[in-house]
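Next up, structure tokens for two forms of one chain, structure 1 and then structure 2.
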Structure 1
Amino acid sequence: MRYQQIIYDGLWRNNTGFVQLLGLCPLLAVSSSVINGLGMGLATTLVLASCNLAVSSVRHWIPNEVRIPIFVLLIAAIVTAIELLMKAFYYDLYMVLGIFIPLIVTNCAVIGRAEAFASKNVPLASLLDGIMVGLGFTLALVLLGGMRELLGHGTLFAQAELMFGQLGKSFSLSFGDNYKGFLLAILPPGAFFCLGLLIAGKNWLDARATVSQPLYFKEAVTTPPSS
């Protein structure tokens, strides 16, 4: 049951973007389209999963007094490796996301999960937690990017070729050639408005689902025992 709770917690109940409101800088800055949000979300997921696994694997050998600097060092090394991989294989997407890839090092969600979860739990649970928290963040990025792209440009999955190559050109959807776009949606204030609407929608869904949820979803998530 604890793994079901980890999945539900990361994806929905304590979603990084909609509940904890961590990592707002990349969440609001790069979510101008679905593809930008998906690329940033997957990169962050890979960082979270790798860092959680690394921290959990060496937690018994890290002195408590210097654990935070060591966590930051591990995160920086992993982010650098992922940045180089993106630069090598997804250069166009890397150029679009720009400085926000190396800034994953400063994302509060990454260091927060390393300190609050991975440093206290076994590697398998920590890996799952990293994946689920990352996918929850990706979900927030994709929904926010889709909402802003649709309102701002009247399209969805524009420039999908940045991630999927020539095949991605067939993914693009347009909802009217005469649509002039809603400029506010793609500007920074529009990001805040759209995020607020998505948070309100999540809260409404949670309120509707309270009665029908399984008991273990209603209870506070207990931390899996460490070894």
Structure 2
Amino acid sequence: MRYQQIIYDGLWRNNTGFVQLLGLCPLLAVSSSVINGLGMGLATTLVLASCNLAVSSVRHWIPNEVRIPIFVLLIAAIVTAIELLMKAFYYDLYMVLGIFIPLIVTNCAVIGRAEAFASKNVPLASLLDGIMVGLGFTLALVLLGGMRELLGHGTLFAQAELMFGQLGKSFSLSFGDNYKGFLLAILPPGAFFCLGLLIAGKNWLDARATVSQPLYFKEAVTTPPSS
């Protein structure tokens, strides 16, 4: 039951991209296409899972007063090690995702999960939390990337071959060769507009779900008036 809660929170209810609005820097910077978004999302998931696992494993040795500097030390060391290992053993993948990895250091969701979750929970739950929050972030990036790519270029999954090899070429969709493109969607302001629309869309979905629930449940979640 608790694990289901972690999965639901990470993917949807507390989605890093749409609800917590953590990690806006990488979210807005690299979401100009689906493939870019997917790459950044997967790299972030890997970092989140490893950092959560590491922090959770050593949580009893971390003095409360200096926990933040220690998290920063661990995260920086792990991100650097991941970048080096990827560069050495998965160079093709590194050529695609590599440019995103230094950007992950600017993602405060990583230290956010270390502080809010991994430092208080057992390693297995923390690992799951890292993966789910990462996948939730990936979902946000892919949706935002898809929206911007579709509006901006009139394509979807363009350059999928960078990530999936020759197979990826067949994924690429193009909607009309005469589409001139909508430049604003590709530029940074477009990222803000599209993110705003997606957040509104998520809130609308959530509100609809609440309305359709039985009345007694709705009353239970409202805060009682203070006496």
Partner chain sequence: MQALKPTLWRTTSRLTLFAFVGAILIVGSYHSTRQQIVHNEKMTLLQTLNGLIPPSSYDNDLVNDSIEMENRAFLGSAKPMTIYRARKQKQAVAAIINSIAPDGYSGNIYLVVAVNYDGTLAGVRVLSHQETPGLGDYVEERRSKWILGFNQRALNNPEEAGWKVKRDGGVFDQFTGATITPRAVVKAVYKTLLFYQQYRDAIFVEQVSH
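Residues are numbered by position in structure 1's sequence, first residue being 1. Between two forms, the rigid core is the largest collection of C-alphas that superpose within 1.5 Å. Remember, it's a predicted structure, so these values are computed and weren't measured experimentally.
Enquirer: If only one of the two is the form predicted on its own, which is it?
Expert: Of the two forms shown, it is structure 1 that corresponds to the form predicted on its own, while structure 2 does not.
Enquirer: Please check if residue 197 moves between structures 1 and 2, taking a CA shift of 2 Å or more relative to the superposed core as movement.
Expert: Moves: no, less than 2 Å.
Enquirer: With the core lined up, does the C-alpha of residue 188 move 2 Å or more between structures 1 and 2?
Expert: Moves: no, less than 2 Å.
Enquirer: Inspect the rigid-core superposition and answer whether the C-alpha of residue 135 shifts by 2 angstroms or more between structures 1 and 2.
Expert: Not so; residue 135 is displaced by less than 2 Å.
Enquirer: Would you look up how far the C-alpha of residue 64 moves between structures 1 and 2 when the rigid core is overlaid, in angstrom?
Expert: After core superposition, the C-alpha of residue 64 moves 2.3 Å between structures 1 and 2.
Enquirer: Quick one: CA shift at residue 86 between structures 1 and 2, core fit, Å?
Expert: Taking the core as reference, the C-alpha of residue 86 is shifted 4.4 Å.
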